[in-house]
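Just one chain is shown here, as C-alpha cells, and it is the form predicted on its own.
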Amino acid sequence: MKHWLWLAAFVAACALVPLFGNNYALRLATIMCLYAGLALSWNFIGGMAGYPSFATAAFFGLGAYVSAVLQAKGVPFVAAWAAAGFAATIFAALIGMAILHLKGHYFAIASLAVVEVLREVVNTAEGLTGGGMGINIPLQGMSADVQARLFFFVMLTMTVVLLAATIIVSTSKLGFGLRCISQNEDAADILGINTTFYKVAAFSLSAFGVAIIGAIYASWVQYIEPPDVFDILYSVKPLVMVLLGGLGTIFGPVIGAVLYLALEELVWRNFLTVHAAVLGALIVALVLFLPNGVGAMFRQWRKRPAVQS
C-alpha cells in the first residue's frame, strides 16, 4: 500500500506541471517522464535480474521506426504505438533466447551488437524506412500547445504504467525469481527456477516499455533518422539513472531520472562547450561514491541513531 500511495503522489505532482509551469517546464517534465520510463524498463533486466543489457537503444529505435512506418501508411498513432510494443516484445523474446545464456560482459557485448545490426538494417531498407534520409511522421492536426500537453500526459501515463508494473513484478513470483537469478543463477537453477523463462520474460518486458516510449518519441518529434533513435546513449543513460537511484528498487529509476536530468540541465547551462566531459565526470563520481544509489544513502540516514544530549 505504501508503494501505491507514493505512486499516486507522483502522478498528482506531475499532473500539476501543465497548470503552473511554462512551456520550458512542460518540455522538461516530458523528457523526465521519457527518461524515467527508459530507466524503469531497463530495471527489469538490468536491476532485478542483474543482466547488464545495452539493447535499450535497439528497442527504442525499433519501436520508433515501426510506429513511424505504420503512421506513414495511415495507421492511427495509438494503434501504431501498440504495434511497436508488440513487435519489440516478440523480437526481444527471440533475441533473448539466443543471447541470454551469456553472462557478464559477454552478454553486454552481444546486446550492444543488436543495436548496430538493427541500425544497419534500417539504413539499408530505404524503400520502407527511408534509409539514412530518415522518415517523417504525419502531423496530428492540433496546435503546438495542445500537442505539447498531449505528449506530456502520454509520456506520464506510460511512466505510471511501468511504475505500476514494477510494483507488481517486485512483489510477485517473477520478481522473486529475478532476484534469485541476480544473486546466484546456478543456485536458482538447482532450486527449480526456470531461469531461461524468467530472463526472457524480463527482457521482453523491458523491450515492450522501451519500444512504446520510442514510438511516442517519434510522434512527438515528427521526424526520425537512424543516428537519432539508435543512439547508444539510449542504452547508457538508463543504466546510469538506475545506478544513481538504486539497482532493482521500485522508485530508484525515477529518482535517478530526475537527478540525471537535473545534472544534464545544470551542466548544459554552465559548461556548454565541455558539457559532455563535465557531465561524465559528475556521473562517474556519483556512481563511485554512491554505489547503491541515493535511495540507499537516504535509508541509511533514516536508520542512523539519534544523537542524545
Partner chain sequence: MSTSAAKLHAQNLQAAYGDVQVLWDVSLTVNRGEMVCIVGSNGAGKSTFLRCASGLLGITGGQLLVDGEDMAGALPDAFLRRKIAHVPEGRRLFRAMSVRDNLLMGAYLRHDKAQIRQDLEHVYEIFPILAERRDQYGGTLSGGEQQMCAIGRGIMSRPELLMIDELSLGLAPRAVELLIIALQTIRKSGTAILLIEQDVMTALELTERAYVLDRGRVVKAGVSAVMADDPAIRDAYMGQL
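For clarity, every value in this text was computed on a predicted model and none was experimentally measured. Numbering follows the first chain given and starts at 1.
FYI, the form predicted together with the partner chain isn't displayed, but the following is about it.
The shortest heavy atom separation between Lys173 and the partner chain in the predicted complex is within 4.5 Å. In the predicted complex, the partner chain lies farther than 4.5 Å from every heavy atom of Ile167. Among residues of the shown chain, Gly127 is not one whose heavy atoms approach the partner chain to within 4.5 Å in the predicted complex. Residue contact with the partner chain in the predicted complex: Gly141 places no heavy atom within 4.5 Å of it. Out of the listed residues Leu233, Val146, Leu191, Val78, Leu191 is the one that sits within 4.5 Å of the partner chain in the predicted complex by at least one heavy atom. The single contact residue among Met133, Val221, Leu94, Ala187, judged by any heavy atom lying within 4.5 Å of the partner chain in the predicted complex, is Ala187. Only one of 152-160, 205-213, 192-200, 80-88 places residue heavy atoms within 4.5 angstroms of the partner chain in the predicted complex, namely 192-200.
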